[in-house]
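First, one chain by itself in structure tokens, the form predicted alone.
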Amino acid sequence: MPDPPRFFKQVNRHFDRASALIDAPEGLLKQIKACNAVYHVSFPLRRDDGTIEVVHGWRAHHSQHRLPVKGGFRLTIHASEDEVTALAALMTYKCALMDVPFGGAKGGIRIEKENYSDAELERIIRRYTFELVQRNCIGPAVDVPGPDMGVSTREIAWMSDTYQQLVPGEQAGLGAVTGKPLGSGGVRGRVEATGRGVYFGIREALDVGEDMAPLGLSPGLDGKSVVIQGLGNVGYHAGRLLAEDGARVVGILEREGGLFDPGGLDVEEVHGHLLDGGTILELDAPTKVDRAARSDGLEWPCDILIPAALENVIGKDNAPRIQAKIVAEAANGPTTADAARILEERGVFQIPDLYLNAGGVTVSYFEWIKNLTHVRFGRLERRFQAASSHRMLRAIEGITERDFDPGTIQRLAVGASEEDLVNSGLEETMIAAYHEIRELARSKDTDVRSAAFAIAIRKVAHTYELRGIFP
């Protein structure tokens, strides 16, 4: 079996195609494409049985055209310099595209998480954080890590606590890490933000009837069939919200295998079973595939395929067999450059990762702002808004001579909570970005992915020009 394509090379192939759409000096484009720095750390871990193991980790700063740089870190046996460099590059372009004022970064620790005890994981995270502090690779104005694959609020809490111990007295110390638990400076809505952003992006794309007609699809989500690869945090929340809005999840793929039911699967039931420690193959469905054949599930018939797991899962070998009409990239880099071209030639509509999974970093930006200002969203205005709505309803009663019942008053006369404001901000960001991408794609007669990259590259180039920084 041939080696998988290098991830960073794939990202740069998308970059090269898109850069032809904009007017920028070649030297500046080379600077934007290059990775500024990659830090490789290795440190000893004393296992619970007393043995010593060497753990390897990385942190990549792709672009520091804006500070701080931003990007999650992941716990995976596949972590490598190439992976974090590619992911950091995607973060650069993703932040620029979404008008989030960060440079791009990413990190990874090479471990199989399930093989370590909770105590061992805590030691790994705290030591990794120590290594980042020693290299000035973490801080609210320098580099702000967040959660990624294998990383939950628990690991983020360990990282945040370690940073604050090592840098005591820093007023904005909570802003050194995002994705924290609510009681430790987190923001409501962050956990489901990436999946919610995927839902908003797919919904917005499907609402454009002009783009759906060539696919033989009616506008809107109602009745659309969906296959999801990876029912982790992103896949679960995206699938749940799509199903609530009328879509039908017909296929779910996990590490152990997959299920397919044209009549629809219950996302909540499957997710709950997995959380309880069960495997997907223990559930009933007309069609099942085991671990060895789970990649075949990407070829199941559906309207929307959502790869929400690893990179490079759609390549030139299986791209001709993809039956989905829309590939919505919830994972980072799930489609190779060759596969993207094949899908494009076949008329498959692709919603790129660069845009679609940007909900996480968008809401992380909101959390970072909250930590720097020390004010919870909605705290100053919520009761004022509720009182204003109450007065307006009373005024309407006076004009119409009709009284609202107490339940209606209570339901309507409310102010926005922190979660309401975060979700509203995310929705507005996703909608505005999609139409900016679509407008450029139409004006340049190009695909959505190239348009998204072109917009991002243009914005990064503009920042360099404003700062007077040239190669």
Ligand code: NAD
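A quick note: this is a predicted structure, and the numbers were derived from the prediction, not measured. In case it trips you up, residue 1 is the first one in the sequence shown, and so on.
If you look for the form predicted in complex with this ligand, you will not find it shown, but the lines that follow are about it.
Colleague: Between the options 125, 343, 331, 174, which residue brings a heavy atom to within 4.5 Å of this ligand in the model of the complex?
Modeller: Contact check passes for 331.
Colleague: So which of 149, 265, 339, 111 reaches within 4.5 angstroms of this ligand in the model of the complex, heavy atom to heavy atom?
Modeller: The residue from 149, 265, 339, 111 that makes the contact is 149.
Colleague: Test of understanding: in the model of the complex, would residue 309 fall inside 4.5 Å of this ligand by heavy atoms?
Modeller: Yes.
Colleague: Verify the contact flag for residue 273: yes if a non-hydrogen atom of it lies within 4.5 Å of a non-hydrogen atom of this ligand in the model of the complex, no if not.
Modeller: Close contact is absent here: in the model of the complex, residue 273 is far from this ligand, nothing within 4.5 Å, heavy atoms only.
Colleague: Applying a 4.5 Å heavy atom distance criterion, does residue 357 contact this ligand in the model of the complex?
Modeller: Heavy-atom contact with this ligand at 4.5 Å: present for residue 357.
Colleague: Is residue 80 close enough to touch this ligand in the model of the complex, meaning at least one heavy atom pair within 4.5 Å?
Modeller: No, residue 80 is distant from the partner.
Colleague: Considering this ligand in the model of the complex, find the one stretch among 141-149, 343-351, 162-170, 365-373 with heavy atoms no farther than 4.5 Å from it.
Modeller: Result of the contact check: 141-149.
Colleague: Within 188-207, which residues come within 4.5 Å of this ligand in the model of the complex, counting heavy atoms only?
Modeller: Heavy-atom contacts within 4.5 Å come from 190, 194.
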